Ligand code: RIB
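Below, in structure tokens: the form predicted alone, a single chain.
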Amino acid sequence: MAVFNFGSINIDYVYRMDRFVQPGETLSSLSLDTVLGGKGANQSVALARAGLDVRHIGRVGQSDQWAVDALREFGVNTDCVQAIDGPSGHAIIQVDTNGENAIVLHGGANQSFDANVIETLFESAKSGDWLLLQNECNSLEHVFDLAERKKLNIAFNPAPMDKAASELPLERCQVLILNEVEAAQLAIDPSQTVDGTDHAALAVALQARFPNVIIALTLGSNGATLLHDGQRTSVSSAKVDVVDTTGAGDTFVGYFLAGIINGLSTSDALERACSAGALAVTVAGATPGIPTLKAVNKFIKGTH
């Protein structure tokens, strides 16, 4: 069984800062790193490090073949990654001394797909395979329809959230992975409001709207909550020294989905994903911080 990840590949320009730049202000950075990033690429690396057969579907600019090579070195199948004219997707990321980040994103090649290209790239997908999606590539409506025709299982992490993502046929998903902000936007109709910090209210509303979907609700340093079959299960996050939070959510996504696919119980999949996310914040950079399965298992053993 394969996981086809239709996802972004970004070039991340990571600036270490004493603090975030304010409007009208100019600050010098402490350092600059240029690394592979993008929610799609990060999640593919996490899936590969969790031991799955992951096949990335994406695009980069002609000058950024190094990013494709980096994905391949992490164990990701890149046969369906295309190089095109124009800029790659990229992000300008400020990371402060507390490890928090602020990000400016440009879609670039991630926003260049059309229906004909997508059909070609998914030719090898078979019934029962998994499709992982984020919201950094265009044509998601067509990909949802293609997944239904090919009878693929769908996991969706609708980040960054927007109105178009909320209008997709999300009831077709087998798995939804959301943070508090995304959950609050999806939980109920637009005429109502749910406080993203009121986790009990979020859980009730999400289960009412998506009763047949496995929902993982990430809560940052507070861990995560699983919503499934009318039940609510919470896992706390381990206390670690935070270096950089970039990519922690993507690490969680990859490890949680890998746990579900590999037949772990939903609660065990949630615990492993939380542990992987905790390890990720102890290392600078998105993909460099994604831990191996061996490291995650060792970490879990040490916390019990």
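We number the residues from 1 along the sequence you see. What you see is a predicted model; the values in this text were computed from it and never measured.
The discussion below concerns the form predicted in complex with alpha-D-ribofuranose (RIB), not included here.
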Contact flag, Gly247 vs alpha-D-ribofuranose (RIB) in the predicted complex, heavy atom cut 4.5 Å: yes
is_contact(Ser44, alpha-D-ribofuranose (RIB)) in the predicted complex, heavy atom dist at most 4.5 Å: no
Contact of Ala280 with alpha-D-ribofuranose (RIB) in the predicted complex (heavy atom, 4.5 Å): no
4.5 angstroms heavy atom contact with alpha-D-ribofuranose (RIB) in the predicted complex for Ile103: yes
Residue stretch of 234-242, 33-41, 48-56, 269-277 approaching alpha-D-ribofuranose (RIB) in the predicted complex, non-hydrogen atom distance within 4.5 Å: 33-41
In the predicted complex, the residue from Ala125, Val76, Val213, Ala91 that sits within 4.5 Å of alpha-D-ribofuranose (RIB) by heavy atoms: Ala91
Stretch 278-298: residues contacting alpha-D-ribofuranose (RIB) in the predicted complex, 4.5 Å heavy atom cut-off: Ala286
